[in-house]
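Taking the form predicted alone, here's one chain by itself in structure tokens.
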Amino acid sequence: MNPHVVLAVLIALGLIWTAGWATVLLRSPRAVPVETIQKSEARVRLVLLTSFAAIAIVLFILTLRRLPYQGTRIMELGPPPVTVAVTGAQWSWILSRTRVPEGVPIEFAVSARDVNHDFGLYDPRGRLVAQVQAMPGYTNRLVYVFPAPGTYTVRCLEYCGLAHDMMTTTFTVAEQ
């Protein structure tokens, strides 16, 4: 969901909240017994709490589609015809293949041999295009479609030791 839409919804809710309380203040020029106010306040709180909870649940469900989980990515991009096994080890990346095609979903099965690393993919212009954690004993799956051919760089994005800054490798994305 667009963050501007979320901000607009939150601002609208804030205005409704403020208008509601302004209306209550303007319509209450005379003294009201405390018991009456407490009952009304409890009902208003219940309605507002229920409304905010319902809105929060709806917003949470709407944002689930945008998460980069493997199942979601495969639904959006299709099943990956190419899988690259990636292992991070101090201080190198081991890739099962170093040439992949452009324009098709590529699955990176990323794990680590020793400590946690962060598998970061950079395009030929040096922009980060995707990343996933590399952890010992667990395989994370990253599905990505390379839009253009070129030489892509893999860098570790999590400090993993003295030679962390040298933990890079490259691979080629080729035209089909």
Partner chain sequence: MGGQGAVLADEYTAGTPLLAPRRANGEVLRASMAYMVAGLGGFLVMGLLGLLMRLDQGGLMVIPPEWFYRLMTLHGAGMVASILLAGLGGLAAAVSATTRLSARVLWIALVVYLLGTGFVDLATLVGGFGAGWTILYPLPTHGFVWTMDSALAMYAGYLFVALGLLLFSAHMLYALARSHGGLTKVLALRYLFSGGRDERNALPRPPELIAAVISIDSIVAAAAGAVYLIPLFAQAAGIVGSVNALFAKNAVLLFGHTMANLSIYVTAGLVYAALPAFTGRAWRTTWPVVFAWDLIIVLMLINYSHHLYADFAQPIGLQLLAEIASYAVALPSFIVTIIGALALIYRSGIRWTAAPILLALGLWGWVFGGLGAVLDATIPVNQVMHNTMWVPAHFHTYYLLGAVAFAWGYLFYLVRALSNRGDARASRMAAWLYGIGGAGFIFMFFVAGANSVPRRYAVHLAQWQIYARIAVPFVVLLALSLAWLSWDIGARFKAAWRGTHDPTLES
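All values reported here derive from a predicted model rather than from experimental measurement. Throughout, rigid core stands for the largest set of C-alpha atoms superposing within 1.5 Å between the two forms. Numbering follows the first chain given and starts at 1.
This protein has a second form, the form predicted in complex with its partner chain, left out of what is shown; the following refers to that one.
Asker: Any chance all of Leu95, Thr98 and Pro147 sit within 4.5 Å of its partner chain in the model of the complex, going by non-hydrogen atoms?
Answerer: No residue of the spot touches its partner chain in the model of the complex.
Asker: So in the model of the complex, does Thr83 come within 4.5 Å of its partner chain, heavy atom to heavy atom?
Answerer: Contact with its partner chain, no.
Asker: Is there a heavy atom of Ala109 no more than 4.5 Å from a heavy atom of its partner chain in the model of the complex?
Answerer: Flag for Ala109 set to no.
Asker: Hey, in the model of the complex, does Thr63 get a heavy atom within 4.5 angstroms of its partner chain?
Answerer: Heavy-atom contact with its partner chain at 4.5 Å: present for Thr63.
Asker: With the cut-off set at 4.5 Å between non-hydrogen atoms, does Lys39 touch its partner chain in the model of the complex?
Answerer: Answer no; every heavy atom of Lys39 is more than 4.5 Å from its partner chain in the model of the complex.
Asker: Mind listing which residues of 112 to 142 have a heavy atom within 4.5 Å of its partner chain in the model of the complex?
Answerer: Those in contact are Asp114, Val115, Asn116, Asp118, Tyr122, Gly126, Arg127, Leu128, Val129, Ala130, Gln131, Val132, Gln133, Met135, Pro136, Tyr138, Asn140, Arg141, Leu142.
Asker: At a 2 Å cut-off on C-alpha positions, does Gly14 qualify as shifted between the shown form and the other one after fitting the rigid core?
Answerer: Yes, its C-alpha moves 2 Å or more.
Asker: Kindly check if the Cα atom of Ala109 is displaced 2 angstroms or more between the shown form and the other one relative to the superposed rigid core.
Answerer: It does not, since the Ala109 C-alpha is displaced less than 2 Å between the shown form and the other one after the core fit.
Asker: Tell me, please, whether between the shown form and the other one the C-alpha of Leu157 is shifted by 2 Å or more, with the rigid core used for superposition.
Answerer: Where the cores coincide, Leu157 shows only a C-alpha shift between the shown form and the other one that is less than 2 Å.
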